[in-house]
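The chain below stands alone and is given as structure tokens, in the form predicted alone.
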Amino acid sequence: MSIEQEVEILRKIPLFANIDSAKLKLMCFASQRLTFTAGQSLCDQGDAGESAFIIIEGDADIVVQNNGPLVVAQVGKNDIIGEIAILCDVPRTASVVATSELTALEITKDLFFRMVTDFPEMGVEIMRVLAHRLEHTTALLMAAREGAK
């Protein structure tokens, strides 16, 4: 896949929709394209977060260890994952395990922060993504609490 094709894929992701094509090309050039097989981990809970991933193709489970593995979400094409660890400088909060062949762009912490600094609208979109995830997690927690009564 060419850099131009990767730029077109990124342009479809709300996080990158308003970013200049030249900057997206730079990001594609500076990021690493990785392929994972079904069952392979992109990252593991507790590891240091040195990068985020943008899924180009494929699907994965978000898994937390809580008396055994627990799938808490599924992600797929155009999703960004791993940003919490690099934004908060904390260990990975979950593992990400490919459920199909998966292709992703790995964006280093330094590149990620340069992009957010150069394009503040990326920061706003990241806040939206994280707020949606928090709302979803809160709803699941409330449902679990109601079910436990």
Partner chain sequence: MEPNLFKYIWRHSKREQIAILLLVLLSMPFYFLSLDLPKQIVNRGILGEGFESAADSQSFLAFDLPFGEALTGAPVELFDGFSLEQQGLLLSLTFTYVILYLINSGFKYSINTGKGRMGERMLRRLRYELSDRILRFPIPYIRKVKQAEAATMIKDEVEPLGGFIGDAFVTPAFLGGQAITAMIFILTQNVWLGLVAAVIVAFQTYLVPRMRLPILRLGRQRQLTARQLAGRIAEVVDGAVEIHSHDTSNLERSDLASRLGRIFEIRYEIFQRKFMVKFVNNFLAQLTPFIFYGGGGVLAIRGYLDVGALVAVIFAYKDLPGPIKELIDWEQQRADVQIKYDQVIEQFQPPEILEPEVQDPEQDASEPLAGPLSLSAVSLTDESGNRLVRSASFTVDSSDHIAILGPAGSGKDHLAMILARLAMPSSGSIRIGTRDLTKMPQSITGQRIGYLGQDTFFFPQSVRENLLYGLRHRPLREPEDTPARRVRRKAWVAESLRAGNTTLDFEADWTDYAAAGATGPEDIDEQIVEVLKLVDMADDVYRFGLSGTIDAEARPEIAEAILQARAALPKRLIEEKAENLVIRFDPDSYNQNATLAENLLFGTPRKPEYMLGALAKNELMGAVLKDAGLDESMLDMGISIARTMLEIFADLPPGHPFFEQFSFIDADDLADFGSYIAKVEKQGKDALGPPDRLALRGLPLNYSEARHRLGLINDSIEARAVAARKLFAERLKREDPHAVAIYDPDAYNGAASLQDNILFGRVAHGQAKAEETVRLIMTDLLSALGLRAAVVEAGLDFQVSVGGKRLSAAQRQKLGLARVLLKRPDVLIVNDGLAVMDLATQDRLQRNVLERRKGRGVIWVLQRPQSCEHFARVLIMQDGRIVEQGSFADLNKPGSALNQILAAE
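Numbering follows the first chain given and starts at 1. This one's a predicted model, so the numbers in the text were calculated from it and none came from an experiment. Under this definition, the rigid core comprises the largest set of C-alpha atoms superposing within 1.5 Å between the forms.
There is another form of this protein, the form predicted in complex with the partner chain, and it is not shown here; the text below is about that form.
For the marked spot (30, 35 and 105), a heavy atom within 4.5 Å of the partner chain in the predicted complex is present in each of the three residues.
In the predicted complex, the partner chain sits within 4.5 Å of a heavy atom of residue 26. Residue contact check for residue 50: none of its heavy atoms lie within 4.5 Å of the partner chain in the predicted complex. The partner chain is not shown here, but in the predicted complex it comes within 4.5 Å of a heavy atom of residue 118. Interface membership of residue 99, defined by any non-hydrogen atom within 4.5 Å of the partner chain in the predicted complex, is ruled out. After superposition on the rigid core, displacement of the C-alpha of residue 120 between this form and the one not shown amounts to 2 Å or more.
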